[in-house]
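Only one chain comes next, encoded as structure tokens, the form predicted on its own.
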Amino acid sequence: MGPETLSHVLRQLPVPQDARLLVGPHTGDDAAVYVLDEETALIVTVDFFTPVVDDPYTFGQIAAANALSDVYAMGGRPLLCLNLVGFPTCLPVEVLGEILRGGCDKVAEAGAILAGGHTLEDDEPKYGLAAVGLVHPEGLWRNSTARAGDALILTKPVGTGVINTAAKADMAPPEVVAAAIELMRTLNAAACDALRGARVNACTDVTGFGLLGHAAEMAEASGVTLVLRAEAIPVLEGARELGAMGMFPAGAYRNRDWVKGRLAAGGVDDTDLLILCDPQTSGGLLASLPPDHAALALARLSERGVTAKVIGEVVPRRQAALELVP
């Protein structure tokens, strides 16, 4: 489902009215956040999807990492998870066991507890998690509080969508696929921990709406314009070449169509634009923070083995929510 369709559906629902609900559906943020007391808030999120790789164990790892990413994007620590499973009876039950084992191992790596879940019969496999995390209310990161003058840091390269699409058609080199898989099953835990040591004004993770889609949500929710430098944005090796061959998933085109009305992009070709609209699985964190704290964050990220880059800056609101420059 594209961002425009999703926004339309959400607008039809009643607006929650509760002072304890710090983050609800209003800003398209990554998860709901509910205050328990002055020092504790719950982060609640859910995510699941069909396989993006052939190996069931790896699929379980990736799906779990993707679901847990929402907790990290809010500055939280995962606490408790439940499995969400759709599975066809035509497949061996051992396949399901491997999917669940992959998810279980990734949840354990995150330091959280996997405590059961729900399974139903479906036409194709689906897997993910309902996840609960903890965060101090004053340490909560939202996507709606970016400030003019901030620098923008991205903690993972983009391009997993186009690589996954090419892999399904046996068009992607093995080393390119392997790099994408390693990226997708990597938790955003180290990135989140590093960013906690800096003053993060706003944050989101980059998933199904692509980098530009999630950046546009941040800009509109914050009432600012995000200026992104195309050449500074890290892209997985091989992704541009596969994109030039027409390997983009349908979601990249939907994301591009949605973001075009919110974007000023001069001098950027269509392949590069689609790369930045490419739907990501278990993508990185996009963080907005003061320039002096950005330098600190980059150093802390590097210490934890996270290759991150400054990809742009936040400016007072202009005509477009996003500006993309070469």
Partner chain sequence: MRIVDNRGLPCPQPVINTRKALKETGGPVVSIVDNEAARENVTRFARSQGYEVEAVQDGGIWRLTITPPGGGGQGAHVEHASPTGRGDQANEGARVILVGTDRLGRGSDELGSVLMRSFLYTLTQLSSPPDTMIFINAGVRLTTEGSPVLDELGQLQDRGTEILSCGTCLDYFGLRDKLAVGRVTNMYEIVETLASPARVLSL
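This structure is a prediction, so every number in the text was calculated from the model and none was measured. Residue numbers count along the first chain shown, from 1.
Omitted from view is the form predicted together with the partner chain, to which the following refers.
Proximity to the partner chain in the model of the complex, taken as heavy atoms within 4.5 Å, picks out 250-258 from the listed stretches 250-258, 230-238, 82-90, 133-141. Heavy atoms of Thr271 reach within 4.5 Å of the partner chain in the model of the complex, making it an interface residue. Residue contact check for Gly149: none of its heavy atoms lie within 4.5 Å of the partner chain in the model of the complex. Among heavy atoms of Thr165, some come within 4.5 Å of the partner chain in the model of the complex. When the partner chain is considered in the model of the complex, Gly223 lies well away from it, no heavy atom lying within 4.5 Å. This chain lacks the partner; the member of Leu114, Val176, Leu187, Ala244 within 4.5 angstroms of the partner chain in the model of the complex by a non-hydrogen atom is Ala244.
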